[in-house]
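The form predicted on its own is given below as one chain in structure tokens.
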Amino acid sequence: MLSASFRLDPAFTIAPVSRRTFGSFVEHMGRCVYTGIYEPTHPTADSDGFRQDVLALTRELGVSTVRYPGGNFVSGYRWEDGIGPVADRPVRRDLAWHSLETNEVGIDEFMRWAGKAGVEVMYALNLGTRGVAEALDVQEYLNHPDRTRLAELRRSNGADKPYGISMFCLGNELDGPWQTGHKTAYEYGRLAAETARAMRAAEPDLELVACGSSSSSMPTFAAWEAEVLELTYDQVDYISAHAYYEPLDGDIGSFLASAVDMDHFINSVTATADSVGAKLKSKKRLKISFDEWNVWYLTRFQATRETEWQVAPPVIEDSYNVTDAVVVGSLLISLLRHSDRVTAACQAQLVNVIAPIRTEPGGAAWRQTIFHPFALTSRLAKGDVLRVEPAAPSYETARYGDVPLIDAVATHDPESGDVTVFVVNRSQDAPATLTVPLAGFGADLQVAETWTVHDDDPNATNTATDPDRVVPHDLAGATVTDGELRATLAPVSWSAIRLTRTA
């Protein structure tokens, strides 16, 4: 059996937990919108056509923010197509996913859905095929109160009050050659800076996200961020980061260590941004919006991609297993560990498309395995993120070298006194004993609740016919004894342990 330990102290904080870390993503892609969040003929559909079973699962998931409407889709999107009488809305080609977009759901419908889900909207602008004027138009429609043409148009469409969106993404993945309107770093940086400057003329307190690299494996990674930020540094608040992970060539060991790559990605973007800030002699510290991340079996998609022009075709509807859920849990640990710089993040996507929630048209909705670590982390991570340095054995990986078998982060809520430990065991065959001295908290703590995601079959999945095949269960035997938390972690497992003060 493996052995791991780390010490917790409330004095060693990283940053407060940001609720925006638990964001999601709704793109007009595949069945995310149509037969995902929206299906007027579904038995659970409300008067606006939204599936109430999906709404309930979204709330249970603990989503704070939703990025909309894309994604690659946004770089060819005309927002005006999705307002006004539905019967008058045009059907358009979506070049990104070779689909047909009916525009049955647009800004006003989505904002109503967001209100019902209780989420903040992070709105992505089209800077692929459009520019400053169109960005100002959609900003006016969304946020201006009245008396202008577009504000009055919004009011005539049923939204009397402005939507008050405060966070805008200045385009999407424009470093990628696949992106409609792909640009060089200089071309994009100039456009993003001018768009940001114009938008701030109307609303100075907006939070604006510049496009970072679409992947750390891009040949222009870091150079793209450096050039874009030299042009936009004073006008933006965030630089974006996107990353997806999958097991390559059956290499589960490297796959379980995916958070090592995410850590490196974040540290690299932080260093680049800070270097630009120093060069510009700025005291401002940019934040990172990690607004696309997840497990995605990308090589499988690239091998089977279809290009038929359909409405809401099934696209990248990956079925997730236990190992995938453990990796998702470890990526959340990485995001929390960097809460001093990563203050917004969006798991891509919410429904059906590489998603924690799956649906059948006219039928059931269910939780995929990756739903559980996200929902539990969102619910339990409160207060301040604590610095954790586990002492644990390591193992050799083909992609990332020597990697610790145990990874963890913890949070402490000063108001309630609760401490929550989030931990993964990456070993594929050995359990691990975990010991965490708690003397720094100065009061007796006891185990309040424990959860673990593990199965004897790491390839087990949830399906429409067996939606609860994989569910979190109690981490048996976790105790606080003599001022130490002690627990046994199963192989390939993610666990959360909440401690509270004794009465």
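Not measured: the values here are computed from a predicted model. Start at 1 and count along the sequence shown; that's the residue number.
Unshown form predicted in complex with a small molecule; subsequent notes refer to it.
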query	finding
Three-residue site G71, N172 and Y244 fully in contact with the small molecule in the model of the complex at 4.5 Å by heavy atom	yes
Touches the small molecule in the model of the complex: W296 (any heavy atom, 4.5 Å)	yes
The small molecule contact at E101 in the model of the complex, heavy atom, 4.5 Å	no
Any non-hydrogen atom of E292 within 4.5 angstroms of the small molecule in the model of the complex	yes
Contact flag, Q349 vs the small molecule in the model of the complex, heavy atom cut 4.5 Å	yes
Answer range among 491-499, 19-27, 6-14, 478-486 for contact with the small molecule, defined in the model of the complex as heavy atoms within 4.5 Å	19-27
In the model of the complex, the residue from A124, I354, A408, A432 that sits within 4.5 Å of the small molecule by heavy atoms	I354
Position in contact with the small molecule when the complex is considered in the model of the complex, options W224, F110, W97, F422, heavy atoms within 4.5 Å	W97
